[in-house]
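Only one chain is given next, in structure tokens, and it is the form predicted alone.
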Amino acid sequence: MIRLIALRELKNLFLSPLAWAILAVTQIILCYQFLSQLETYMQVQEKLSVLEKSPGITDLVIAPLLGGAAIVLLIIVPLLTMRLISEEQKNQTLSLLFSAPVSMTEIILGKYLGILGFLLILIAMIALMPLSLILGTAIDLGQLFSALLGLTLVLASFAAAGLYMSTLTKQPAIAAISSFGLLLFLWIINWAGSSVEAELATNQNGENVLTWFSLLNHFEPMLKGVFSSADIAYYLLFICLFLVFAIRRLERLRLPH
């Protein structure tokens, strides 16, 4: 049943112009960034060649591209998740799901996997740009795959948080705005964590507590090719937490008022 719900959500996405517009706009923006950074790299390549341990094309072109993709999709993912549950509430079709022989867990996981499937397609399209460089130069494949894994986990986290926010309101626009606000806060919370005013929030080891909660803080090492099980665990816990929140919220909606 989860598979059927996921396929239905994915099919509905591609039947709407929003999904195609998102694919096109994202590719245009990131392609422009990719070509601009590649041109800049070609201009400074001779100067970099005389430096010892100079950064390569993976550091100067690919990592910024995937980092920029995460920021662009931080804005776009709430547009995808806003309608998942809120539109069902607005159209009063949620009761049809409740009457079907499916659990709340199956509904949430099905809708989540449908959105995740679309995001994986988007990531695959983005990955074609750095992979095209293999034809003309050597790239750090380990760093590339680490960065792609990080981007996948980031977008999966965006989708989980957006799905939960969609359960809180009947208005898709409000769900999109609130999702964007939540994700932006969790993205930049490490800025507060690195500020002078946040010194009181540091633990006994001198590490700032706020930085641990930042989505960006766990993504940046993976962009550099640093693979940490702690970063993977953070994203998996983040995803599971918001999915559990969404399931509990759906169960409350099912109960008669």
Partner chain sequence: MDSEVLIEVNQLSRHYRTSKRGSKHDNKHSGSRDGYAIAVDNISFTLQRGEVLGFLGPNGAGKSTTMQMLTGNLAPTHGSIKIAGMDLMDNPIEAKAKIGYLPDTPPLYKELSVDEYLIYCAQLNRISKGAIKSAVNMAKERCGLTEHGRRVINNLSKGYQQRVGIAQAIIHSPDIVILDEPTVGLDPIQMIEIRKLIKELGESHSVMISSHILPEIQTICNNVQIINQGKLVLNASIEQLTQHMQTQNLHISCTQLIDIHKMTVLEGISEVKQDNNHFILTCTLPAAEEHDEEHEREAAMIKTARQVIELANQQQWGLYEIFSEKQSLESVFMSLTTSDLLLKQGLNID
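What you see is a predicted model, and the numbers here were worked out from it, not measured in a lab. Residue numbers count along the first chain shown, from 1.
There is another form of this protein, the form predicted together with its partner chain, and it is not shown here; the text below is about that form.
Highlighted residues Q89, L96 and P101: every one comes within 4.5 Å of its partner chain in the model of the complex, counting any heavy atom. Although the partner is absent here, R248 sits far enough away that none of its heavy atoms falls within 4.5 Å of its partner chain in the model of the complex.
Taking the partner from elsewhere, D140 is found to have every heavy atom lying beyond 4.5 Å of its partner chain in the model of the complex. At the 4.5 Å threshold, heavy atoms of A233 stay clear of its partner chain in the model of the complex, well away from it. Taking the partner from elsewhere, A21 is found to have every heavy atom lying beyond 4.5 Å of its partner chain in the model of the complex.
Within 4.5 angstroms of its partner chain in the model of the complex, the stretch 1-36 places a non-hydrogen atom from each of M1, L4, I5, R8, N12, L15, taken in sequence order.
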